[in-house]
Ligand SMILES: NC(=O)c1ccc[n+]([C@@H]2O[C@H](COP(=O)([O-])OP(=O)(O)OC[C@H]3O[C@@H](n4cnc5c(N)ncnc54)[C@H](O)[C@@H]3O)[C@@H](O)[C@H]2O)c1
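Listed next as structure tokens is one chain, alone, in the form predicted alone.
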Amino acid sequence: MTVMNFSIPRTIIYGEGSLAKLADLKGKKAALVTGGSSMKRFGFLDQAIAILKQGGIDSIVIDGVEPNPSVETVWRGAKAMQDFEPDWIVAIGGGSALDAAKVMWCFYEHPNLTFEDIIPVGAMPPLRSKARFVAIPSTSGTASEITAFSVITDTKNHIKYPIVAADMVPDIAILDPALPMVMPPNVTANTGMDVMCHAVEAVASIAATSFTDPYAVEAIKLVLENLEKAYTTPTDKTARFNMHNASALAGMAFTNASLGLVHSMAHKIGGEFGVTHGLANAIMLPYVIDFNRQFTDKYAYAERLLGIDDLAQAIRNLNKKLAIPSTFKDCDEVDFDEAKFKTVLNRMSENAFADPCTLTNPGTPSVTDVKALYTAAYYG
């Protein structure tokens, strides 16, 4: 029997007001990493700075992380860290900020590495010789606060790279539902469906175990019961609490069981067209479930536990309630030009097939299968 590993953050602090626990950190300097302007606009960034100050920690802010964080942004942040020499890295914001901060952390600790050095799974050297890591998510979605994963975009080659390293699992995750409460409905929908995709792919993964399945199934249940409410009533505290917890639970499942074709394909179509990751996942997920059923009985296993007849149809119904289109051609978030789609389809399919997430998808999908799934998800 194969020897396996199950890793989650050492400390997960959750519930309303949990941001205040930053005051308990022991250290002298912190680098706060964040994305655009939302954390500053809603006062959470200033709160974090003030709370750290209460604990005797000075901080700098590394902001401007884009929705698809680039290699260039990662190097910019690492350089700021090398100049400031923090003993804590505090990532606050959406999954992009958390993902970027993890890889900044790597290059802060190992400035002689290149980005290409850390692309192979498990190639990143040990961390924590200079700093430890706190993750504070503002969306209930990526679960980057829980996982050993980061997704960074090579903007020159239009490829998103999933970076996987056990040492990137944060030391502390702080899940304060006050943060996602201010997110706009479309962000709530897209990130919430990212949670769903993490959980569903973790259940079907060929690396799933009795350690990961309970977290994944509970996450699916929480999303089915709470995402629509969080979308229609953003200030509903119970829905926000449950969705934030669902995100973390799904993260515990997929960081240990890995993912599948949905993520492989979302990474690559995101790199080509710039579509939001969670939205790409939401559109792709029902098509991949229907394709994968020939290889696995795990969807039926989840359906029995959840008391539903058809998981793919339940996801289609939820997408409709969240105003998520059923095909890429009907998606207006970015320009899904048909001519461009046809031009990049072969390259995109080959790149998705080569993505590490494909390794744990059920069955033995081929490049031809990936191409057929992209085509189905584009046209319906």
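Note that residue numbering follows the sequence shown and begins at 1. Worth saying up front: this structure is predicted, and the values here are computed from it rather than measured.
The same protein has a further form, the form predicted in complex with the named molecule, not shown here; the description that follows concerns it.
Ligand-free form, site status open: the named molecule, modelled in by superimposing site C-alphas onto its pose in the model of the complex, keeps every atom beyond 2.4 Å of backbone and C-beta atoms. Only one of the listed residues (59, 68, 319, 349) places a non-hydrogen atom within 4.5 angstroms of the named molecule in the model of the complex, and that residue is 68. None of 72-80, 110-118, 230-238, 131-139 except one has non-hydrogen atoms within 4.5 angstroms of the named molecule in the model of the complex; the exception is 131-139. Although the partner is absent here, residue 184 sits close enough that one of its heavy atoms falls within 4.5 Å of the named molecule in the model of the complex.
In the model of the complex, the named molecule lies farther than 4.5 Å from every heavy atom of residue 105. Taking the partner from elsewhere, residue 277 is found to have a heavy atom lying within 4.5 Å of the named molecule in the model of the complex. Contact annotation: residue 175 falls outside 4.5 Å of the named molecule in the model of the complex, judged by heavy atom distances. Taking the named molecule as it sits in the model of the complex, the stretch 32-47 comes within 4.5 angstroms of it through a non-hydrogen atom at 37, 38, 39, 42.
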